[in-house]
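Coming up is one lone chain in structure tokens, specifically the form predicted alone.
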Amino acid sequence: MVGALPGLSENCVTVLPVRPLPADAPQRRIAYDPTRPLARPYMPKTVAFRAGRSTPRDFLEACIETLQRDEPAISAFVSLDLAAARRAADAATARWREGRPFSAIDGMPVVIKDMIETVDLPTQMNSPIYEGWQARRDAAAVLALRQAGAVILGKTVTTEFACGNSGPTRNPYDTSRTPGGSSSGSAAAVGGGMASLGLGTQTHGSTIRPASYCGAYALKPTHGALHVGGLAPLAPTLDHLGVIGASLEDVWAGAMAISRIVGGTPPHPGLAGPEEAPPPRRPATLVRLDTLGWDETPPSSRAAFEDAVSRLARAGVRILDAANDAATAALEQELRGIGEVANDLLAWEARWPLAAYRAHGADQVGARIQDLLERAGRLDAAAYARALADRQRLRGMVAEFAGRADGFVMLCSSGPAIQDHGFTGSRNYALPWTLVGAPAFALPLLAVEELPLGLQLAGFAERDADACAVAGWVRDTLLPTDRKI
């Protein structure tokens, strides 16, 4: 059945290109409180499921109620299948009742970025080229989530091919602002309490930044640690599968369910660690990074970050920064030059598929894609090799901290979500760990101008579980323990 959102029928699909919100769409502004977010964590509810005090179907219905109320204002979804979601939630309810859940996330409501193949819903990538296109398979991550018992609500809005024109999605806390991108709909749906987990992607900043804007947690894992099979490719050495969640525990459990079933992108064996989030661990030392984003960060956001770092120091963590450590100063200097490196890598590696899309007609792709192809045309193999070498140098500099520090702390974005629906915001804070290829967590612990601002906790390659443990401690230190999510 084909209809138009926000009709919210049991099964409905938006025909692309994704329509803008009508001028009379509902508007809203909700003050963000990190201790009382809109996000709806799933993992804490599993205790009640085991005890029979609640069910995954009850949880799903609360998500659907929020979705039906708020989707006209937020426009997070391209397609929905609520009937299938209810059937899956009922099956999960029976398994929990019998004490035999498939996994820790059995019954968890999940949304899928519309760059990721699903066998039961179109994958249209916010492009007229793929209008109505239906894959004959699930992406590896989607297959894993289904086998783990997750409840898939639908597909969420992406920017065009995860790098071009924005969709209609609005920020769940202020509809005058962007949700970020390119994982726009997944971040808005999770941050707004419509689902507990969302699949996204990150090639430059497309998981960490929208999570920051929308008040959600997120993980961009070690490159290759989560299987990217069935994701529309963009730049192979930059593309990551990202996970956006309502809590750190939701994010980790979702990521591990994927890794446990389908592993990583070969030859990577997959994310390593426990099925549920590791216990929080206090770091001895963290490296504070301002990155190339500091110059564009307004005073209010700088002050929130400074306060958070000061609180970590008062809790007993040694903070290395450019003023007190020569290696950190050298790393900061290196980070200030990575913008061109990242853009060259993206442009060169994305020549295909972007040139193949443009072959359908120049009017079939947006200006950002045209610009990337123009940039690629100015590059040659030698320029690409230099960019690869620059990235390897950066990775080496980060690796040298492994014996001296437990992780890195920086902002996720240069301030709260911007009031521009055509631009999804600066990527400068997310770019470093995309290039490093090591894990980074978005922690929605800061509020600036009554809007979410994420703190980024980054770690070392192949040590995702360790980074998660440190992230948990940072969260518990900066939020009251009785309010952690």
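Numbering starts at 1 and runs along the sequence shown. What you are looking at is a predicted structure, and each value in this text was computed from that prediction instead of being measured.
Keep in mind that the form predicted together with another copy of the chain is not shown, yet the notes after this line are about it.
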| property | result |
| --- | --- |
| Heavy atom within 4.5 Å of another copy of the chain in the predicted bound form - the one residue of F305, F102, F401, Y357 that qualifies | Y357 |
| G337, G377, P233, P72 - the one with a heavy atom within 4.5 Å of another copy of the chain in the predicted bound form | P233 |
| In the predicted bound form, E131 touching another copy of the chain (heavy atom, 4.5 Å) | yes |
| R318: touches another copy of the chain in the predicted bound form, heavy atom cutoff 4.5 angstroms | no |
| is_contact(R87, another copy of the chain) in the predicted bound form, heavy atom dist at most 4.5 Å | no |
| Another copy of the chain contact at A329 in the predicted bound form, heavy atom, 4.5 Å | no |
| Another copy of the chain in the predicted bound form: contacting segment from 90-98, 291-299, 263-271, 242-250, heavy atom within 4.5 Å | 263-271 |
| Candidate site R57, A62 and A277: all three near another copy of the chain in the predicted bound form by heavy atom within 4.5 Å | no |
| Contacts with another copy of the chain in the predicted bound form, stretch 124-151 (heavy atom within 4.5 Å) | I129, Y130, E131, G132, W133, Q134, A135, R136, R137, D138, A139, A140, L143 |
